[in-house]
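The chain below stands alone and is given as structure tokens, in the form predicted on its own.
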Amino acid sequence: MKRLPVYIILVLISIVMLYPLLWLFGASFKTNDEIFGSMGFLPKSFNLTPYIKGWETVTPYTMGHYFINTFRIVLPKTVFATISSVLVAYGFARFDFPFKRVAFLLLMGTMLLPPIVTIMPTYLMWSRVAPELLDTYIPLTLPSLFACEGMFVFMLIQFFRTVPKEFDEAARIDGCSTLKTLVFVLVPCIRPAIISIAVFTFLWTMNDFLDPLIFIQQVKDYPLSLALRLSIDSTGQGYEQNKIIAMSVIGLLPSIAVFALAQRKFAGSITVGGLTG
């Protein structure tokens, strides 16, 4: 009974946090008049027409085509960012090399730069080095091979430091190489952090609008974020809001599924990272 007020407060906070999602789901079945005329999330009737029309889009391609395009960016970027961040963090956490402190300071300095600041320099770099790759997914995925997210590297370094170096020494005595020590000994110990990095990258890439807008020119290559924007005309009027909301609901499903599957590991990594950082 002593914790009852705490539970009541948590339930109320949960309702406040979940209400936008509930409203979004309910609005996907409403008409435009209902969307702008009522704050309730329950529609008068559950009509699947917005989903059917929204899936068809205003282009020659269905929304399924844009989903495939999205995953052609999301999946490689998630894999590349995770692997490269682990390798770089392993090097900083376990090895000494010339100018290590300077390299680490430069890496941490990238955390202070907002991503929007680097978009135009990156575009200019690609336009001069490999202009034929501008209208492809390579500029969106390839940089992830070079651990371009300093925050991920920093977080992994903190996790590596929680693993005793005696584990490395024992693995070397058993004949493990440096790479095998990382893969078979250290990676299982920091699995929650690796899962968190994958989840963060997946969510951020799914929601990314500006980078594809800069690098992708052809409509057939658009990801979901740009495809949704095609449903809105230049004036912002005369479009069916319920179709966009319906497709937004479907677009949220992969992110919700990934977060739900990785929830325990994700929460555990945040807790350990906060204690060791």
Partner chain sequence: MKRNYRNPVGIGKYTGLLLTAPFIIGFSVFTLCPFIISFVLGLTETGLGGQTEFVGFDNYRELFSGGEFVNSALVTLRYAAVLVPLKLIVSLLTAVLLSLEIKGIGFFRTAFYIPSILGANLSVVIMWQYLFTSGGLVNRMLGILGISPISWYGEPSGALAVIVLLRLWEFGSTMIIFLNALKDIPPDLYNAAKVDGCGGISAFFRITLPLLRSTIFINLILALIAAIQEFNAPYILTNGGPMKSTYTLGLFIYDEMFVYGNVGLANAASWLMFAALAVLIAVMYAVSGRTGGERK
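Numbering follows the first chain given and starts at 1. Small disclaimer: the values here were computed from a predicted structure and weren't measured.
Below: the form predicted in complex with the partner chain, not depicted.
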With the partner left out here, check for me: in the predicted complex, does some heavy atom of Lys53 sit within 4.5 Å of the partner chain? no
Determine whether any heavy atom of Pro131 comes within 4.5 Å of a heavy atom of the partner chain in the predicted complex, and answer yes or no.
no
Quiz item: Is there a heavy atom of Pro143 no more than 4.5 Å from a heavy atom of the partner chain in the predicted complex?
Solution: yes
Query raised in the report: Could you tell me if Asp168 has a non-hydrogen atom within 4.5 Å of the partner chain in the predicted complex?
Result: yes
Would all three of Leu48, Tyr61 and Leu75 be in contact with the partner chain in the predicted complex, where contact means some heavy atom lies within 4.5 Å?
no
Only hit among Leu42, Ile68, Val219, Leu252 for heavy atom within 4.5 Å of the partner chain in the predicted complex is Leu252
Restricting to 144 to 178, the residues within 4.5 Å of the partner chain in the predicted complex through any heavy atom are Leu145, Phe146, Ala147, Lys165, Asp168, Glu169, Arg172, Ile173, Gly175, Cys176, Ser177, Thr178
